[in-house]
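Take a look at this single chain in structure tokens; it is the form predicted on its own.
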């Protein structure tokens, strides 16, 4: 099981639930990490179950799924029942308002940042498969990222987007190829070396790679830059509090205090802690792999504003997302992956959902 991708594991969990032939089926964020094709297959199954009389509770933060699939929506916020709408009364603005408790004027905030010099260049990167002999996870991948730029990495689940970034960050061994940071060759090997070189990564799976659930918010953020909070070999608690508080405040992490255990936070606030930890490294290259995975629309908007601020500060951002509208709303340029290779590169002006998906499926036929 551990050798399957996150998307494949998700499909298997759904299959296990369906195998019980349930009278009531609860699907909690079932489309997280699924490709558009897999989502459509799931929706087909859900509609078939509905026709057979199965009652379905479908938990999701994605408005499009609410509109398309459900007959009635109940909105919860902070543990309270806020409102309920029948399908004939669906109104996107009302639903968003009740979800986040405020009006949302622009889902994808505008960004007008001049693109700077090249910061990262990847040349002919190849990574061998971890357990299949003579097979590569990614092959001959090349691209560049510039200061103040958000590079969107598009593709189907399993196309190799995460693997490229994990190799750059030192989480996967590189078989061949070169990486350059500010024109100088960088040879990754460990995540520590990547951080020292100015690279930080927000992983797709915050529960496995992003957080220590035994620790509080303060420790989870501070751990990425111990030099700033230590004197000699000892961590200074006051320095830690002073270092973490600006991130806690500016990212609007909703918790009683910085001493709150991250295990008690909502998914959106956990994700903000992961992002704060990356920002704490003061990196000039930040990889964001599914940064809004499984979080509500209000927290998504907060994270989009954080990405825009990073770009304004001259950070080079690589963003992976399975949600095409999100990727198109936030990226300056696009690399489309298919079956471990770069299928194409598109400017913001060239990119449409059709052009991206055409490239994404080209290698999977």
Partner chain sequence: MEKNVVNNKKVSSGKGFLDFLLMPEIGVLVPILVLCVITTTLKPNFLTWKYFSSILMGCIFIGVESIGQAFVQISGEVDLSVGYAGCLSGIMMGVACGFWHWGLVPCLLLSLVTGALVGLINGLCVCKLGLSSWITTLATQFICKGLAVTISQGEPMSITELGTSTFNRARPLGVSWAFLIFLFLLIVSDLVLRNTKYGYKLRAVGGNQNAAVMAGINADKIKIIAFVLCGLFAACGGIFDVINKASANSTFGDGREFRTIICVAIGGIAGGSGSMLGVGFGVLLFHVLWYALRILSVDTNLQLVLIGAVLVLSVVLDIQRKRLEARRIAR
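In this text, the rigid core denotes the largest set of C-alpha atoms whose superposition between the two forms falls within 1.5 Å. Residue numbers count along the first chain shown, from 1. All of these numbers come straight from a predicted model, not from anything done at the bench.
The discussion below concerns the form predicted together with the partner chain, not included here.
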| request: State yes or no: in the predicted complex, is some non-hydrogen atom of residue 201 no more than 4.5 angstroms from a non-hydrogen atom of the partner chain? | output: yes
| query | Is residue 235 one of the residues lying within 4.5 Å of the partner chain in the predicted complex, judged by heavy atom distances? | reply | yes
| request: Check whether residue 94 has any heavy atom within 4.5 Å of a heavy atom of the partner chain in the predicted complex, and answer yes or no. | output: no
| query | Are any of the heavy atoms in residue 277 no more than 4.5 Å from a heavy atom of the partner chain in the predicted complex? | reply | yes
| task | Within 4.5 Å of the partner chain in the predicted complex, counting heavy atoms only, one of 245-253, 83-91, 144-152, 189-197 shows up; tell me which. | result | 189-197
| field | Among the candidates 264, 176, 130, 257, the residue which, in the predicted complex, approaches the partner chain to within 4.5 Å (heavy atoms) | value | 264
| task | Using heavy atoms only and a 4.5 Å cut-off, determine which of 100, 172, 113, 223 is in contact with the partner chain in the predicted complex. | result | 223
| Once you line up the core, how about residue 80: does its CA shift reach 2 Å between the shown form and the other one? | yes
